[in-house]
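One chain follows as structure tokens, the form predicted on its own.
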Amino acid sequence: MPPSNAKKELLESFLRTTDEFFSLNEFEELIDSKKKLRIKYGVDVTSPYLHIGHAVNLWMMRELQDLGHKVIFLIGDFTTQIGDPTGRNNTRPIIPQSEIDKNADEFIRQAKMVLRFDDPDLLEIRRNSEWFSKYNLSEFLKLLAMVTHSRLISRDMFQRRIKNQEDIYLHEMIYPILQGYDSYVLESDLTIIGSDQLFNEMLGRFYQQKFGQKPQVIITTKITQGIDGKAKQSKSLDNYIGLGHSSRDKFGRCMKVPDELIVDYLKIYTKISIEEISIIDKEIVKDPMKWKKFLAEEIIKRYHDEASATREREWFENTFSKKITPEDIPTMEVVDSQWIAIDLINKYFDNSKSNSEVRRLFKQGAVSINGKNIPLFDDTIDIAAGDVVKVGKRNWFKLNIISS
């Protein structure tokens, strides 16, 4: 049982990033008990990336690990084959097992930036294929018999599809049942989730009660807008700060955070005290860039180290404030000394950008060689070894001409 001051500190820390408790009284009972808690952390590995929004939940779990509680890292390898309909207006494609395994490894690599994987008393890795791949059909029908159609169809994304006259497939409707049953199998005491998973985890509480277990406490966490100031962080919108991003990319993405979100990001994504944030809030309007850099440093310290934070701030200031070309730019080897401009830039991006995206860079005046702007994508340009090409605000490369 944690000392009263430890409980107070934990509650204060959790309240900072919590949206809702189901319920707060039950959570307090858990942390007052002598029980070593089992904290369910379930991931469906359809897309192997985590961003700092996901990491809010991970940091809360890490605090509980530091108090001696265990995180059950549940890889939903069986349910991934179905596809979680959460947030979807269409059916998710089924992905092969080999990709599921690869994505699971990548999830673990990123989660290790926050959670402790070094002690089996603090973390256990499970896969729900352990029980679902051999689950008896007659037993599964009993699970289905406990839940009404009206309860399942009330889910918001299903209601949107009905309104839009879009199909709902039966395997999608049973997904919440499978996720809920996971909580019973794992004997989950607590789960910390985004609000979009609340329906599924409430079914977890339901099944636990049905089978005579004490229902898990559910904590939903606060969600901020992405770095575009619009929708929540999403890989598809490229408006996120990823755990897998380099320290340099994290710093650069922090610079895109709208001024009005700096305080929210400090509260949710750093450990700066609320008292200090209140002072910063009054100062932001005078010099928002100063505090945006401060935010970036704090985020990098959390996921990398202080030296990286200092280095990236210096790099950013030298590059963008003092207009100094970075020393550590990559070298690209080319054969010829004469190129069509767009072909040279396409070679640098290795076809990761479409021709229309690259043409747009030229139209925006974002391509230069040795500081001289190249306005036309179809210009023929002469290059020499050591020339420095700049593309956009953050891409440089040095040319090295090799013999054919």
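Basically, rigid core = biggest C-alpha set you can superpose within 1.5 Å across the two forms. Don't overthink the numbering: it's just position in the shown sequence, from 1. Since the model is a prediction, treat every value here as computed from it, not as a measurement.
The next section is about a form of this same protein that is not shown, the form predicted together with the RNA.
- Judged against the RNA in the predicted complex with a 4.5 angstroms heavy atom cut-off, the residues I72, R116 and G194 are out of contact without exception.
- With the partner omitted from this view, the residue of G76, P176, G252, G226 that lies near the RNA in the predicted complex is G252 [heavy atom within 4.5 Å].
- K256 is the sole member of K271, K256, H149, K210 with a non-hydrogen atom lying within 4.5 angstroms of the RNA in the predicted complex.
- Looking at Q97, you'd find every heavy atom of it more than 4.5 angstroms from the RNA in the predicted complex.
- Although the partner is absent here, K36 lies well away from the RNA in the predicted complex, with no heavy atom inside 4.5 Å.
- A residue is said to contact a partner when one of its heavy atoms sits within 4.5 Å of a partner heavy atom; A307 fails this definition for the RNA in the predicted complex, lying far away.
- The RNA in the predicted complex comes within 4.5 Å of a heavy atom belonging to G392.
- From the list 362-370, 24-32, 46-54, 60-68, the contact stretch for the RNA in the predicted complex under a 4.5 Å heavy atom rule is 362-370.
- Taking a 4.5 Å heavy atom cutoff to the RNA in the predicted complex, the contacting residues in 287-311 are D287, P288, M289, K290, K292.
- Once both forms are fitted on their rigid core, the CA atom of N395 lies 2 Å or more apart between this form and the one not shown.
- Annotation for L64: C-alpha shift under 2 angstroms between this form and the one not shown, rigid core superposed.
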